[in-house]
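Just the one chain here, the form predicted on its own, laid out as structure tokens.
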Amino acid sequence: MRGDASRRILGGSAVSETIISTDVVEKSNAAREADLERDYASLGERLDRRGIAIDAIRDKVEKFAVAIPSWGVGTGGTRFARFPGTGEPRDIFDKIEDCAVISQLTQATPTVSLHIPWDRADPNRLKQAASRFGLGFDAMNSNTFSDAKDQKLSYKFGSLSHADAGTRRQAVEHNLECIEIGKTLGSKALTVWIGDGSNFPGQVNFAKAFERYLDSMREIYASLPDDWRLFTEHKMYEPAFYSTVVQDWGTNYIIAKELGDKALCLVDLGHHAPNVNIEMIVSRLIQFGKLGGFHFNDSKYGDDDLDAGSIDPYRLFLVFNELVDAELLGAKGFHPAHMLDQSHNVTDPIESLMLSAVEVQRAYAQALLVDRTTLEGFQDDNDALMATQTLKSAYRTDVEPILAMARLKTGGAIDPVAAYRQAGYRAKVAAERPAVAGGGGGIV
């Protein structure tokens, strides 16, 4: 890692394994703790009348974690243009520092998910850099949807399903490299998403392309360590706008069944047709033991990659209603991976990721409040109105005191964004990291 830059704290002079000075966090918390105690006690009394122990909910929230995508701490873009933010990370080591800030203030994001080749570096150095901040590594992500520098063969017309055997071989080898890197880092999963498909009718043979994909994936699957999982991710469209090889959850389920027990389906909340019932998809995958995990985000029109809970927080809650139901029932093999996957174009990425992590925790806490015995009774009686009101009762409960208390008890910030801004982290890194020039997109 570069010198001592990553070890300096803001607002203090001591060398530390935290990025933000504990003095800044403590000062921010001191201004809010008395109000939080009152709010927490008040909520506790109301929950007690419903037969719910608030401390038990808080304890579960404390243990709930979501991974940060390394690419999420940079500024995103569109197909038209990209407008860089200040203090953008220069490399994966800057990204780790930004992720450490999110983890420190929220106490909800202890792992980072890497994307290769974007984050390619000496794995031992990466592991050392992350461990200094108490961070671990989540699923590895391969990239065969764009061409890397000095890449021999192009993925313009596909990768794992490409008509050319040499291109498929190159894509397979890349995924095998990701597994090897992940083994050193302590990762336990590989996520594979491809942009393969077609833009014109007749461009590809649907069946042959899918069979080539399955053959490639079988080889990748065979190289997984025994304690690893393989997550396959579907997406309706983009960059392939006529047909996509892995286009929906049904195809994704077929893939997972074809490959074996370690193959599971990853659900990105933005990768579905408009108005699709995502929570029912989640239920189906749980029921048949093929839910691997999530990429949490939100959308208004398509795969927008907006902040989690920013558009449809009720849908996020309904997804977690299914997850908590499976958790409480002890569904076989149920341990889904949770990760954010967002693109931040007009906000500070660190602030957006902190708030998204909180929103995911919020949906989890609300789902824990559902009176499941009462709900089941209304379902059995076909009382649609009272069944939906039972869910609404949990959703309408303001669980912010629980989330804030969980952060306080674990050393985080009662108000992560306020503490972050008081620390002046963005201004500091902006002074250290060279400005990045803006760029145009592929459409004019």
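Note that residue numbering follows the sequence shown and begins at 1. Computed from a predicted model, the values in this text were never measured in an experiment.
Absent from the display: the form predicted together with another copy of the chain. The rest refers to it.
Which listed residue (G260, G333, G134, P201) meets the criterion of a heavy atom within 4.5 Å of another copy of the chain in the predicted complex? In short, P201.
Here the chain is shown alone; which of L368, L224, L306, I96 has a heavy atom within 4.5 Å of another copy of the chain in the predicted complex? Going through each option in turn, the one that passes is L306.
Full three-residue contact with another copy of the chain in the predicted complex, heavy atom 4.5 Å, for D147, Y301 and S343: Per the other structure, all of D147, Y301 and S343 touch another copy of the chain.
Does H162 reach another copy of the chain in the predicted complex, with heavy atoms at most 4.5 Å apart? Yes, H162 is a contact residue.
Can you tell me whether R421 touches another copy of the chain? I mean in the predicted complex, with a 4.5 angstroms heavy atom cut-off. R421: yes, in contact with another copy of the chain in the predicted complex.
At the 4.5 Å heavy atom threshold, is L328 in contact with another copy of the chain in the predicted complex? Residue-level check for L328: no, no contact with another copy of the chain.
Residue-level question: is T184 within 4.5 Å of another copy of the chain in the predicted complex, judged on heavy atoms? Close contact is absent here: in the predicted complex, T184 is far from another copy of the chain, nothing within 4.5 Å, heavy atoms only.
Okay, which stretch from 134-142, 100-108, 236-244, 174-182 lines another copy of the chain in the predicted complex, with non-hydrogen atoms inside 4.5 Å? Partner-contacting stretch among the options: 236-244.
Taking another copy of the chain as it sits in the predicted complex, which residues of 194-224 have a non-hydrogen atom within 4.5 Å of it? Please list them. Sequence-ordered list: N199, F200, P201, G202, Q203, V204, N205, F206, A207, K208, F210, E211, L214.
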